[in-house]
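Starting off, we have a lone chain in the form predicted alone, written out as structure tokens.
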């Protein structure tokens, strides 16, 4: 394992965050803060409690997960796409660096940035609503697993995309709608039986539910199922990346 190569890629990607601080950190934190102000402070005062939790506090895990999903994908996809766009990816592929080390460097940096952003948003939320984390270890576990899993998805998208438009297509057209319809702002138990069954086919439901369980000890689905789904996505994306490097998809052309 070439630790120096992984450290070089990781450090370079983390340094890019400092150069784009407004886009990488400040902008998503401000956007999520607006959600807290509008839904938590303004609308939340007119909505009764959900499962014994005030509405402002109830939406915090969902909003953190929404930001975590989109930022993990965006950070990782841009990180690997830009070397492809400039042609420097070939220098990396010809260097004595294994595919595993490349993935760890890029996806690890993206996951780190997203997890730190999630913790910043959590600290910001505490300024607006009272928070209680019933299972802090599980909260950090779900935070880390989700950041890593969707950073791997972002890595795949960065390899697949052949233009900057495609980098934004998956987060904007798929992830964000799935997050909004996956229990970010409500409990799926509030839906009619038919639509609740349909919603269970939304994979984001399991991510949000597991993360919310770590806060309040209750979720829309079993925490064991949420954890299993998260690990299932992780295994799936690892397998897809292994196939990409084995076949040279979008890398050798």
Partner chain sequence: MRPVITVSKLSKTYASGFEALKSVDLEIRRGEIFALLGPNGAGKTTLISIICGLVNPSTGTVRVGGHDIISDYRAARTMIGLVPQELTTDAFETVWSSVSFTRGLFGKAANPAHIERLLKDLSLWDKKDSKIMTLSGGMKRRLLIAKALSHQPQILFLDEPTAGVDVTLRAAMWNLVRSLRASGVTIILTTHYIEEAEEMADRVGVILEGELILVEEKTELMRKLGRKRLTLHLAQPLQTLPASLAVYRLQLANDGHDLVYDYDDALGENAGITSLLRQLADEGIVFRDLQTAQSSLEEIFVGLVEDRA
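The structure displayed is predicted, hence computed values, not measured ones. Residue numbers count along the first chain shown, from 1.
The form predicted in complex with its partner chain is left out here; the points below concern that form.
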Look at the candidate spot formed by 25, 166 and 174 and say whether its partner chain comes within 4.5 Å of a heavy atom in all three of them in the predicted complex. no
Counting only non-hydrogen atoms, the one stretch of 151 to 159, 124 to 132, 175 to 183, 96 to 104 within 4.5 angstroms of its partner chain in the predicted complex is 96 to 104
Is residue 243 close to its partner chain in the predicted complex, meaning a heavy atom pair under 4.5 Å apart or at it? no
Spell out, yes or no, whether the shortest heavy atom distance between residue 140 and its partner chain in the predicted complex is within 4.5 Å. no
Would residue 136 show up as a contact with its partner chain in the predicted complex if we use heavy atoms at 4.5 Å? no
Indicate whether residue 92 is a 4.5 Å heavy atom neighbour of its partner chain in the predicted complex. yes
In the predicted complex, which residues of 4 to 24 put a heavy atom within 4.5 Å of its partner chain? 4, 5, 8, 9, 12, 19
